[in-house]
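Heads up, the chain below is alone and in the form predicted alone; it's given as structure tokens.
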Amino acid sequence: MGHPSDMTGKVALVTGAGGGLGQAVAVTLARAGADICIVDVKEDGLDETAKRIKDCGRKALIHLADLSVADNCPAAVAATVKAFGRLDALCNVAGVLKLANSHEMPMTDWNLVMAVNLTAPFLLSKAAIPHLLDSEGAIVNATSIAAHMGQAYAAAYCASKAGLAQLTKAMAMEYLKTPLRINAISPGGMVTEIGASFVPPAGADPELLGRYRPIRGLVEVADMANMVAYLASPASAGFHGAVIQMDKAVTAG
């Protein structure tokens, strides 16, 4: 039986693919039949991801790039199309989390979070859309439950992820009369490098932090990767403009 998210003969670009969720998404898409352009700022992580993709019998293009630099975003799309001749799915997975008391947050941290979490997905989408219109492809954005609920010490992260959720919906309406599909997934906490970087500022109130503790536990990275692959594939034809919350009911009530 074929993979439920069949991507045979298709090409995907996955950001943040040097580890964690991005790596899991890239490998899952490769198992589904896609060739992948993997993008990250970490070269050693990309090498490992490329090996796993090739173990699936698919091609991997390593593209080392810092997506906080605006010009690097269209360059990643151009490299993908040059190498593979097409683009069928853009998966915006890369993300940065910086925690701080809002009145003490350095502007450099604020700007970095916004650049990677919000501006980069827009610029990548801007460059990818002409190709995705030709291939009747998809954009999948990885947001967060932080897009739907305020979280202490995470003002920049919450703002960036809420912006990405609204960017998803706005673009979905703009391209409503085309075959392009644009969706997002908002996961709860996962065991990833971003999750490991959840270090509250000195003096943080543990009661405020405890408000986000999932009773059912953390979201499995593999489950999130499968959902991204599904939304990237033609199997998800009924989804457009959706922001799916995969958080084990953390934001349900």
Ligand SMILES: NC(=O)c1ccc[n+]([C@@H]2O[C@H](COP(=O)([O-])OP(=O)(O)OC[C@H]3O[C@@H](n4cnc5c(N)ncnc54)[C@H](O)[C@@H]3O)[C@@H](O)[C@H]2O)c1
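Nothing here was measured: the structure is a model prediction, and the numbers come from that model. Residue numbers here begin at 1 and follow the sequence given.
Unshown form predicted together with the ligand; subsequent notes refer to it.
Of the candidate stretches 98-106, 83-91, 138-146, 170-178, only 138-146 has residues with heavy atoms within 4.5 Å of the ligand in the predicted complex. Within this chain, S68 lines the site of the ligand in the predicted complex, having a heavy atom no more than 4.5 Å away. At a distance threshold of 4.5 angstroms between non-hydrogen atoms, A229 is out of contact with the ligand in the predicted complex. Using a 4.5 angstroms threshold between heavy atoms, I194 counts as touching the ligand in the predicted complex. For V116, a non-hydrogen atom is located within 4.5 Å of the ligand in the predicted complex, even though that partner is not displayed. Only one of V41, C56, L61, A204 comes within 4.5 Å of the ligand in the predicted complex through a heavy atom, and that residue is V41. Taking the ligand as positioned in the predicted complex, the residues of 170-188 that bring a heavy atom within 4.5 Å of it are, in sequence order, P187, G188.
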